[in-house]
Ligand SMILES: Cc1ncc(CNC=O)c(N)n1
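Okay, here we've got a single chain as structure tokens, the form predicted alone, with questions on binding and movement later.
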């Protein structure tokens, strides 16, 4: 017999919105980090930007197989075939992103082949790899994908808002993740993740499904923690 029970702590409304309120401090820490604020107000040390650029190139290369794994999970587990199309478009854009990193590195005289992964970067990449395991639910994986992309979108969009003093040579970087089209993509990912999460957060759930909901929230928090650590690393704080 199916065992049903009420999930404590989940009320009506969007699950992700509840998480953002509940964990607002760390979310703000990830999306309004001092490195981002220094770009916005024009005081950023370019050495920090260059360090971020080289390390993020390494991260993106690890990010590609992770997104591919989310695509496979969507194909196998999603209740909406359009999820596959959304993730596929995002994955296709990563090829252009890698080429952009190469061009940007050349502009700043950074030899990418000589970049050694920082321990913070290595930990984040291992975390991505752990989410690629078959036993990780699609709902958990798509939540992580949304969170990773959303942090960059909100961070760099902040550097393009009215009143910002972002250095001209960094505006292309900010535009890459802060543009409206990428913002719409992140909103679509959020809608997919939230649809999956809300299916788990009804008044009555088959026992065990609430564990997936908890896992997704933990992964959301881990992403934010890694993002803060990544910004810290770029500034030389870790």
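Positions refer to the first chain, counted from 1. Because the structure is predicted, anything quoted here is derived from the model rather than measured.
One more form of this protein, predicted together with the ligand, exists but is not displayed; see below.
- Against the ligand in the model of the complex, the set 20, 154 and 217 makes no contact: no member has a heavy atom within 4.5 Å.
- Taking the partner from elsewhere, residue 63 is found to have a heavy atom lying within 4.5 Å of the ligand in the model of the complex.
- Not displayed here, the ligand is approached by residue 149 to within 4.5 Å at the level of heavy atoms in the model of the complex.
- In the model of the complex, the ligand lies within 4.5 Å of some heavy atom of residue 97.
- Interface residue remark: residue 59 is counted as part of the site for the ligand in the model of the complex, having a heavy atom within 4.5 Å.
- Picking from 167 to 175, 36 to 44, 51 to 59, 187 to 195 the stretch near the ligand in the model of the complex, with a 4.5 Å limit on heavy atoms, gives 51 to 59.
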